[in-house]
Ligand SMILES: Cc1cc2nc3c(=O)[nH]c(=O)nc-3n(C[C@H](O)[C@H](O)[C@H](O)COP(=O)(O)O)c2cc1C
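First, one chain by itself: the form predicted alone, in structure tokens.
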């Protein structure tokens, strides 16, 4: 019988449990991508809290990319020492860490306006950022193809009308990274659906994921319109479960499921009733960075997160209840 506390290996990653911290926007970098001190405290707290692996926030591969204020970057060699300090902070707790490589726009162009030279340039940006990630000590990279950002739009029929095989760009990125760094863990985050008319649906996501899986080490399943409100333990947890379970039956690499996990009981059920291998969490760890340690100590009551999404309105996206408690 599988449990969330199984010790496993996933490619080059040694995980002390099946619980992964999903990429979470902290908005603590300046316009050039330099970190403030707060970021290191947050990651130290997370790594100490018992999680098996950390995927850090949206990290842009492109210097002229400004989707939101405070976004991290790996677009310039000068940023490598700051990322090295972050990975050292996490590794001090014997926790592997993956950087989420992403981009929102390339030269302000719509997807249909991109030339073949533009696509080549985008591919190279991701590959060079992976090179920097290795120098910074990351154990893996996650190619961000979800949540409406550049690669998410590139594989969406609502935005890309130039090719019937848009997944080729992701495959080319993954192949080039693998050629340069054969031991690096390469993951991809993808929407189960865009949940918009004409966008990527579950059939399209399945096709793209199966095509890419050969070149990846894991796939994290998410979807547009994440961070649903009103999640209750035992009632409406794991809202992308059905699609993720179907995907896990069709690919030979681990599938990671994010979205609405609140109870250890439900997560153990997912592990045993499906082929899903790992569960990733975001808001529950904003509320309780030491949630995993609490569960492992025997206090298995559900996460205290009430899915209010007020953390998105606070500095550094802190939980309002923790702020009220002076934490």
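Positions refer to the first chain, counted from 1. Since we're looking at a predicted model, the values are computed, not measured.
Quick note: we don't show the form predicted in complex with the ligand, though the next part is all about it.
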> Taking the ligand in the predicted complex as the reference, which of 227, 236, 250, 115 has a non-hydrogen atom within 4.5 Å?
Replying inline: 227
>> So the ligand isn't shown here. In the predicted complex, which residue out of 218, 222, 152, 205 has a non-hydrogen atom within 4.5 Å of it?
In response: 222
>> With the partner left out here, check for me: in the predicted complex, does some heavy atom of residue 100 sit within 4.5 Å of the ligand?
In response: yes
>> Check residue 65 for me: does it contact the ligand in the predicted complex (non-hydrogen atoms, 4.5 angstroms)?
In response: no
>> Taking the ligand as it sits in the predicted complex, is residue 24 near enough to touch it, meaning that at least one heavy atom pair lies within 4.5 angstroms?
In response: yes
> Quick one: does residue 311 come within 4.5 Å of the ligand in the predicted complex, counting heavy atoms only?
Replying inline: yes
> Which of 51 to 59, 294 to 302, 270 to 278, 28 to 36 has heavy atoms within 4.5 Å of the ligand in the predicted complex?
Replying inline: 51 to 59
> What residues in 282 to 320 sit within 4.5 Å of the ligand in the predicted complex, counting heavy atoms only?
Replying inline: 282, 283, 284, 311, 312, 317
